[in-house]
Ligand SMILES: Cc1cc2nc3c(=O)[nH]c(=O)nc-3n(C[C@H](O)[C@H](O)[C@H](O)COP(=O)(O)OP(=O)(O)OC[C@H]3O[C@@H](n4cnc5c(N)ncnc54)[C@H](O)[C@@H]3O)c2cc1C
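What follows is one chain in structure tokens, specifically the form predicted on its own.
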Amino acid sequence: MNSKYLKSLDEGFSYQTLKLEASRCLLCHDAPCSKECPAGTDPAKFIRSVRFDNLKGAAETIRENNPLGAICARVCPTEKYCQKGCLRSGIDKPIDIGNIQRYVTDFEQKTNMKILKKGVENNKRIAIVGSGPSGLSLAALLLRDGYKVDMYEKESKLGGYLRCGIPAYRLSNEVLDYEIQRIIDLGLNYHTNTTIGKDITMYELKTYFDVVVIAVGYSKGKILEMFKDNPYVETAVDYLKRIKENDGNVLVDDNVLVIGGGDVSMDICTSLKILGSTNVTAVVYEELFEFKASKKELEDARKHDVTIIDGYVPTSVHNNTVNFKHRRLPYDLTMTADKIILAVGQTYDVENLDLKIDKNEAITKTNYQIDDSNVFVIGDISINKEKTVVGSVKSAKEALYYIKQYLGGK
């Protein structure tokens, strides 16, 4: 194992810093931070509990609203959501809601709290295809409400992109395994190494289960046409998966060119520097003022001396040399690297799932349902546009409401 890769870049709060940070909260009435959380985690309420040393109550607020609270505490771009609404910003800086949530969920784990309970069974059977954040969130909520849930995952372990795509220094397997085990303990029946269309068909699922939920996410990296079949090129999604599966024990090239500027790009850039790459350069379509990466991801990359060149578009490639042109200015750029990594977006893999896709989105009704069938779609390819873990939790909570309606529940 590579200890540098596995070690968190942010050690989180001590009890003293937790209390100091919570004491800065203005205890707003009708708090804007809670309104800005897509998953409705209600940070105002759990921060208030922390202020009065009620860590158990804080953990209950988080967990009852967000089944993946410990994960979101580590990977959620809080500056785009809850912290954006924090009124403390007008005085000095917003409350560090993510680290407060992380401390509380760590306390929950250390004290072995069991907040979510298995509901009284109602004999309704639900199948969930995919075990990423949306699928796991929905499974927890359904089990809490008494439904029987079977989850189908093509990989050998549950977790989806949480396991294979987010670097260990941001989300350790220990935290992910803890979150998943809590859901298994609620009664989840899961099937790994199972591919729909090969090991079981959609027809069989739709026939046996009362509802089938597709939660496959964006699991494939996009390839620009000019880079196809180039031996020097790999997608960031594939590279991150390889690093994560090997606990960081991979050989990296000295000089790496990364094309793209979102969170996935910053993840691969920082990972490469931690693992020993001498020079890592990200050439980005967006200019810095319109950057897509979260503030924390960008800061981590800069702390590790990643070079970022903004505003350029690739125009041609020959072997390991790429030519770029600036979007607005009369500048050209040519770069040669040992390795070229594409982080230019992700797409879906929905073969054999009987889905109609338009503009990277499954065609469903506004209630996440495909026509009048017993199939629902949640997560990245659903009508919910927020392609984040907290956005996945949101889509799961919304879909739960419509699934229960469909099944005649309350």
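Since this is a predicted model, take the numbers as computed values, not measurements. From 1 onward, residues are counted along the sequence shown.
The form predicted together with this ligand is left out here; the points below concern that form.
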{"item": "Heavy atom within 4.5 Å of this ligand in the model of the complex - residue from 144, 154, 222, 148", "value": "154"}
{"item": "Single option in 187, 77, 119, 94 placed near this ligand in the model of the complex, where near means a heavy atom within 4.5 Å", "value": "77"}
{"item": "Residue 244: touches this ligand in the model of the complex, heavy atom cutoff 4.5 angstroms", "value": "no"}
{"item": "Distance check, residue 346 to this ligand in the model of the complex, heavy atom within 4.5 Å", "value": "yes"}
{"item": "In the model of the complex, residue 297 touching this ligand (heavy atom, 4.5 Å)", "value": "yes"}
{"item": "4.5 angstroms heavy atom contact with this ligand in the model of the complex for residue 396", "value": "no"}
{"item": "Which of 189-197, 334-342, 276-284, 317-325 sits within 4.5 Å of this ligand in the model of the complex, heavy atom basis", "value": "189-197"}
{"item": "Residues in 108-144 close to this ligand in the model of the complex, defined by a heavy atom within 4.5 Å, in order", "value": "129, 130, 131, 132, 133, 134, 135"}
